[in-house]
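A lone chain, given as structure tokens: the form predicted on its own.
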């Protein structure tokens, strides 16, 4: 037990990170070790190249977009708190997470709405608050590759946007996106068990 506390002491602002992300101390220690392993040159931050070393991201068709989410302001580096904030979106929802949350406190990063916001920004490349047909088509191309013809992809993109676009503006807003996924178990689909 003493060694676990000493590991946590090496994590800067561990208590505020724990409150913000909902990760347990043990999870933060594991993530800190992972962060340090990715930071091969011991710079104290990760770059895009460091994150590209994660095997699961290398094979994920949206891997580059997920990596982009670690650098929201266009910076070229992410520190440990920023790294953990992004990963917190994938933390499974516990029963205790739904319990007695103070309404004055910010919504947990792993809440359904924050998971949906995270997913939405993977599609909304130009950050205009809407997913256009063109953006939908780009994501579909990444996800299916050459297995489907361009005409089929265009048809799928058109149908997807058309079905979700309630206001008829030819694009999908965040609220339309959230509504179109209301029956999907986002909490489970956007969770990585090892991040408990």
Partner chain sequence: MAHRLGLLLPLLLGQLCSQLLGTSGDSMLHYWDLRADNGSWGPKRTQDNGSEVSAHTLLFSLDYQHVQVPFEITLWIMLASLAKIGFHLYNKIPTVVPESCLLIFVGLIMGGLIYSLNDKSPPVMNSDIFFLYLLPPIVLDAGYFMPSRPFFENIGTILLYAVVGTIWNAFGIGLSLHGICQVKYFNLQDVPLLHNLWFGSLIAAVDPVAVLSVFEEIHVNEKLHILVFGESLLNDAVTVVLYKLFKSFCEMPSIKPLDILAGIGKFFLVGIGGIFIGLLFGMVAAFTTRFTKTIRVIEPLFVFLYSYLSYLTAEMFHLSGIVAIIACAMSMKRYVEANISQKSHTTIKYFMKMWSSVSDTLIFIFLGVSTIGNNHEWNWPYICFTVIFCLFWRALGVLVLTFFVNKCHVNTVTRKDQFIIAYGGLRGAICFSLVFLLPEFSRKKLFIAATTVVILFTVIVQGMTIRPLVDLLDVTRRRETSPTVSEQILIRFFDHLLAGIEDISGHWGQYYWKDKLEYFNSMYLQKILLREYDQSKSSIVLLYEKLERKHAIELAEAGQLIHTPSSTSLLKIHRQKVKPLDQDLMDNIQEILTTNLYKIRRVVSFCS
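The structure presented is a predicted model; accordingly, all values stated were derived computationally and were not measured. Numbering follows the first chain given and starts at 1.
Same protein, other form: the form predicted together with the partner chain, not shown, and the subject of what follows.
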query	finding
17, 109 and 111 all contacting the partner chain in the predicted bound form, non-hydrogen atom within 4.5 Å	no
Interface membership of residue 140, the partner chain in the predicted bound form, 4.5 Å heavy atom rule	yes
Interface membership of residue 92, the partner chain in the predicted bound form, 4.5 Å heavy atom rule	yes
Heavy atom of residue 180 within 4.5 Å of the partner chain in the predicted bound form	yes
4.5 Å heavy atom contact, residue 40 and the partner chain in the predicted bound form	no
Neighbours of the partner chain in the predicted bound form among 175-190 [non-hydrogen atom within 4.5 angstroms]	177, 180, 181, 183, 184, 186, 188, 189, 190
